[in-house]
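So this first bit is one chain, no partners, the form predicted on its own, shown in structure tokens.
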Amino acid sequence: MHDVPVRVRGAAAEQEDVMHDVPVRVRGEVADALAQHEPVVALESTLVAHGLPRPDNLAVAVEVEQLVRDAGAVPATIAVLGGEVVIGLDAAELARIASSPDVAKVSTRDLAPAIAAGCDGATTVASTATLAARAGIAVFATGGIGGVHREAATTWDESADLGALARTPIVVVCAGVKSILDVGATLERLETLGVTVVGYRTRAFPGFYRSDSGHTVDWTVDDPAGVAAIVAAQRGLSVGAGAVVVANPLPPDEQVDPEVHDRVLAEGMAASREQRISGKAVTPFLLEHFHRATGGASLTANVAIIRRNALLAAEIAVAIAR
């Protein structure tokens, strides 16, 4: 199999007159699967580069790709390497993203600068979803999506993930919104933006480390075929060009203890204010604080989330392909 160079169009039809095609290299295995309408699951590289400590990050990334394969789908981890978008990293490229200390965190707004600078970049939820959908990948697995930050009423801090999900037709399997964010405000924004949110075998919207964020969802599905049916209905009606967010909670016995979670979060928020941490630096700062303050319990939960979401995403991709 050979890697396939393709060209990916601009973000929206109304922008195509001012945006040029972007060269993208699709790994041969992924290109073959897409050409034959076989199931493919996109995976983000920010989890590998910035979300997990070394050397656990590479081991988990390799394991997650294997889980996707075992479930009958082809994994496609996405990153920017040397200024080139790569969809479906090989083993050496995955190790490069996992081990290099100079990998930039690349959201949608950062893609063009990263490509122009010829640097390495790990794609976030927003940029991974965008690139995956443009390549024709129907399902994307991540840990938790970004959203409205706490104190956003004064900081106006809102993740680019929300806007990307509103305009990107892809299934996103996640453990809800990162619990360090304002979950209620994020759900309100998703509703305003027209993003479909369904709970997987639950009406309780998960809060990443926590099984239940304290908020509910209007719709639930009981199996991967239920998600596939929603995707088919959305396509058939041509209603809504946005994502379908599938919220897959951790079992209660695998979550971080809620009392510990709330105490550590309050401490972390206070520390971030004292150190004037802002913007996209807030999330990695708080995640690192959780890892240290919980004695690794948050890392254990994070890895469980990634595994469970990758497996469910593969099952959904298989159901859609059928």
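Numbers follow the displayed sequence, beginning with 1. Because the structure is a prediction, the values reported are computed rather than measured.
One more form of this protein should be noted, the form predicted in complex with ligand PSU, which is absent from this view; the next part is about it.
- Just one listed stretch, out of 113-121, 186-194, 165-173, 140-148, contacts ligand PSU in the model of the complex at the 4.5 Å heavy atom level, and that stretch is 140-148.
- Contact annotation for Q255: none of its heavy atoms lies within 4.5 Å of ligand PSU in the model of the complex.
- Looking at K178, you'd find a heavy atom of it within 4.5 angstroms of ligand PSU in the model of the complex.
- Within 4.5 Å of any heavy atom of ligand PSU in the model of the complex lies no heavy atom of E65.
- Ligand PSU in the model of the complex is approached by G51, whose closest heavy atom lies within 4.5 angstroms of it.
- Out of the listed residues S159, S213, T130, N248, S159 is the one that sits within 4.5 Å of ligand PSU in the model of the complex by at least one heavy atom.
- Shown without its partner, the chain has F208 as the single residue in segment 191-212 with a non-hydrogen atom within 4.5 angstroms of ligand PSU in the model of the complex.
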